[in-house]
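Below: one protein chain in two forms, given as structure tokens, structure 1 then structure 2.
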Structure 1
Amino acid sequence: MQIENNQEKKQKQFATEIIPKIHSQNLNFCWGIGNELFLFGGSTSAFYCPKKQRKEINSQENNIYILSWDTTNNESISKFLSQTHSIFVKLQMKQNQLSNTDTLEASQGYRIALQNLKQNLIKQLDESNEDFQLNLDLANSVNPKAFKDEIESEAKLVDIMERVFHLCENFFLLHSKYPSFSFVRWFQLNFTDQLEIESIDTESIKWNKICRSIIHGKFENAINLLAKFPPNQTIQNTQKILQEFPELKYQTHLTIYRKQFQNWRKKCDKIYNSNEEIKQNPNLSAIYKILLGDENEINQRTDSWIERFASKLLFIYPNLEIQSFGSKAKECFTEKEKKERINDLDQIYLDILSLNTSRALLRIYSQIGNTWLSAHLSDLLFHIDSIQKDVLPTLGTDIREFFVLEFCQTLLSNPSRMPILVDYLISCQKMGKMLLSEIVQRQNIDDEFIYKKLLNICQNNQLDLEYKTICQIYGMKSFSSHKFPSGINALLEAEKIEIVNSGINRFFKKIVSEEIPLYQIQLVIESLESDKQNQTSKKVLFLKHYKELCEYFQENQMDKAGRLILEIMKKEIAPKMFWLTLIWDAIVIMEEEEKKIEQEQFQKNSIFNHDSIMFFLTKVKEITSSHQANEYTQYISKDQLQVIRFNLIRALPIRIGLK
């Protein structure tokens, strides 16, 4: 949240910090989404450089550099964004049934959040001052003045945001029927201070404070200041006339108020003209001239056009129609102020008073550079039909959606604000869903938490294609990091059965090449069983048999293990890459059987008979003579292959006659 334009600040930052690291003479750049900046070489440079200093970029450096900067999770700003996001969402939920009370509560909620943010920033500044005093190392590593200036700059910006919001609230929501009263009230709350009398004040200062209190419409303060003077009839009459100033209340009808004001003005004029003491006293005379709406006196006693305009609304045209506010406000500029350039904030105030809210929002965006204010203010004004709702050709959408999308770009620079970002995007009927689709697909899915969060976003917003894309990306990433159960589940959701099969084959290779815990095999089985179309049933069947085989070996149940190997091989359940491994396991069981022969315990109904050995030899020949022999035999050495052949041939005569 910076006062200067965000894009300009980014450009300055990278131009001074990153660009010198490569040939800046030929550097070009392009902004991505959020906090991405792409730097690349070219024949010309996007940055000015004297012709003599230009160089040709080396072909080795002609790359695209993707840069991003760190985003800080300031606790105060995070809390502020969370509060205002809740208000924003409530407005969208009620958008078809919004009452004036709803929009007023929303505006007040935004202002309260801004006030809290300002207080937190000031508190942060006070705490940092103490830290700098107590910790000299911290003071040396961080520039205290620069830190203080940054916090004060942010606090100043928050104050401006609150003032602009308050003006729109008063002008369009709270007192739209009484615009004069609403502006004066806003002025009193935001631009005037308590003018308390002090013992060291000179008499001229005391009278000046009284006049300024009256100009600001703070009659009570002026009455209290007059009470400090020696009492006389003229002072008392002046206090009384100030007390009788007709205050415009919400329920007062304008016709009735106009009559009350005229009667009060006549009484004030009568006192002034009938009392020579007042005319002869320049201080008392100044008071009555202000009350009677003397423009020269008001102009002399005021310092700014806002102060002048507020006092004229009080004493000259209290019933001014809202359509005339802009022109009358411009008349309050002095000749000197007209010659000087009107500052951006005053221009924003003038645009609002002229009911040109669209131009005011564009100024907020371009001059102040704050996307939060332009987004939330435009949304509020949109709901009360106070800004243009048509699509603007220059923006490609309506003004409210444009500013909300710009605010989304700011949120995008911090991944932790993704849930907030989604609600803002979905509120944009024309382009929000399209941009959300782009953002979701470009997220870096590093872990299961982010994956599930993105899936939830897609489900809630009917992004079916994006849902499958995210599943596919996460599934393939899971396979790459050997997280096979997660990968299978994700790819089955994406309906990418061919990639699932490829992933299972990778898992099979992992089983063949190294020892895998049984629980991992079980997890893969459970993942595959979630396939509703049952397209992986054969692989599931093999994994179940293979897990069962491993359990038999762990429990030393060699008979059951041998029979299961024969079943797997004869029914061709096992993939070919497993054949040599299973035959090797069978040879281990055969050796156990041969020990029984030596102990005269060998049974005629042995697991592996002559036919079984011939079957295994046939399978070995089939594997080794295949055009894919290298693929099937890569998991055992040539010596192991020779050992398999030798043991099978050696076992043939022993098992002749066995069933």
Structure 2
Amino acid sequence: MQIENNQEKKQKQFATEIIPKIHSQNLNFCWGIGNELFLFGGSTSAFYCPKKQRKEINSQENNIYILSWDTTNNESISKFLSQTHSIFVKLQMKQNQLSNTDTLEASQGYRIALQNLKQNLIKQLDESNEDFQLNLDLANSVNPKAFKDEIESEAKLVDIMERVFHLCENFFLLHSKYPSFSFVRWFQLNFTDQLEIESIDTESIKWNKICRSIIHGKFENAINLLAKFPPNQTIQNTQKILQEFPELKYQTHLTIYRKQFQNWRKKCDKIYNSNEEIKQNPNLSAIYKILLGDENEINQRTDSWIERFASKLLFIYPNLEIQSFGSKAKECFTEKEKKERINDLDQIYLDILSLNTSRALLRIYSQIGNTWLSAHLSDLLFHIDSIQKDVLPTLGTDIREFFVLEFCQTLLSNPSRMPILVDYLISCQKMGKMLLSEIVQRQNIDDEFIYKKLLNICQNNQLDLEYKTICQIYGMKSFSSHKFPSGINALLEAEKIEIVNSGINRFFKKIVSEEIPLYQIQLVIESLESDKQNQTSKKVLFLKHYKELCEYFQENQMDKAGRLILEIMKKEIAPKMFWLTLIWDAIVIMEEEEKKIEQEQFQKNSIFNHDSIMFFLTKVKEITSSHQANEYTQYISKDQLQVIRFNLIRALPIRIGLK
């Protein structure tokens, strides 16, 4: 069967102008990960462009375009990928303890998945045909014929994939000691249809069907077809000889089989040579010639090399050794077929029969263009030691890893396949881990759910640096959405203390500019306290004091509040951005004090003495004359600053003599 050359298909795709001219001068590109190409108007274009010709770059020309392909969201394919992913993971988990049963189960699992995929695609096509009939708008917006062609070609591809898998399963796993049997069995299941007798079949058609059944090794069919003829001794003898054909089953010992086959051949020869009716009847003669392995007769009655080869394996060399399969298969090509180019699929079959699995896989990859098949088949063959395991210089890695990584590139094109992708990458050791590291850091961490999943991936695969990077990204995102406790925790995990400090400063700015509930401050304190290395101890201390101060104000404990303000300021615990706010609060307390009527009480209970006022004045001067004065005074208005100065100067003489 001819299959489309995938290379030509891709070339046609890229020949089309996909993106209109996006840059007036020059278009640059760089490859992303997976099926991604980044296109942008390069800055180098402006650099090399002569000044006279340099135009103003409009905003569109600053865009970066991402071109990607094979981004199919087909539900059937998603299901298929999920199903085969489970099989793949099981194989890797049992890697060192794989039995033949395990690999056979895996191969059969893959084939079932392929069969399911084909059924789902056909079902999808039927359902979409109904939809198109019911919904004209849909039919107008989507080209039904193009959709149908696409699904049908997918289904054909799946057929091919299943056949290739089946051949490898039969040849290498199931009947590896009996290659003839395995090939014939494969041929029978994949290339022969049930031949049914119609009541209107002419005699010649009946004989033709009998011959075809015999050539295909379906003797039951031939016997049943012969029974439609008027019974006579010759027919009965022919039926008997067909019944007695020694079928090679996988339990049969080869030596025993050889004897059985020879005996049967002798019997066949005897019947043919002793019966004139057979020799005179061209149809019966043809049958016996086939049974006796007449190459010319077989060649005449067969259409393709596969059919020819299967027949010869049945009747000419049933004990053919596996090493000779490739050469004998090639001999089955007619002269005409040899002159024409052997199609890609036949090349793949020949490579498998010649035990050149690496070449077969490379052909699958380049000619069929299906990375799923090359990846999973190479993995399976790798586990049963039927493929090269050494590093190939042209690929830079062993063949299995190369194909699995190529498959991963295809998975990458659809971001929703990330969880599946991880397991494939891990199975590729070094290169896979490197790629995983890149991919994990490029994921959008939209919420904590995804954040946790990514951290889990990093932890399970010893990606320590990437773990910290993800924590850092999430932490910074949290800060930008004012989720300070989350951000602090994440950044402490990332060991990015400098960013934590920067985040805390943002939190400080928020405190000083807005009214923040106390429990939020408490949460930030608790987050910072989880830092075992105590790198933010000073900030924690200030926050604790500040919270305490707020509580004193709420409970109207002004004297304690005042003393705390002094303590915070004198021990330089408070950041400078808070100084003016704290001094303002101190002035409020001072005014409260001055309201007390009795001088004696005032003198005894005063919190702020002359030295305190001088201290505050010094601090005000320090702030306002600093080169960062604008930054520190932005949270307080100019009027308020004037009020502070005025009140401090006014309070100074009142507090002379107070201790």
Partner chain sequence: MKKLFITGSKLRSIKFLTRDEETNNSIDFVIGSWGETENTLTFYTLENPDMYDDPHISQTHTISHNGNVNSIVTYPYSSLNNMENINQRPQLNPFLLTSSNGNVTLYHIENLHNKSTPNNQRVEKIQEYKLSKLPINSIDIESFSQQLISAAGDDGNVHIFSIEQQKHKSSSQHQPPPHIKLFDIRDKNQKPNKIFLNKRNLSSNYSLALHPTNPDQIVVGSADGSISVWDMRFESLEPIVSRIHSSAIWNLMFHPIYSNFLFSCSEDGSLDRLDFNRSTLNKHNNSLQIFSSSLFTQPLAINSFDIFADLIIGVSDSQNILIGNSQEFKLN
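This is a predicted model, so every value here is computed, not measured. Numbers given to residues start at 1 and step along the sequence of structure 1. We call the rigid core the largest set of C-alpha positions that still match within 1.5 Å between the two forms.
Structure 2, not structure 1, represents the form predicted in complex with the partner chain. In this overlay on the rigid core, I112 has a C-alpha that sits less than 2 Å away from its partner position between structure 1 and structure 2. Core-superposed comparison between structure 1 and structure 2: CA of K570 displaced by 2 Å or more. A displacement of less than 2 angstroms separates the C-alpha positions of P282 between structure 1 and structure 2, with the rigid core held in common. In this core superposition, I587 moves its Cα by 7.8 Å between structure 1 and structure 2. Shown is the Cα shift of S480 between structure 1 and structure 2 after rigid core superposition, which amounts to 2.9 Å.
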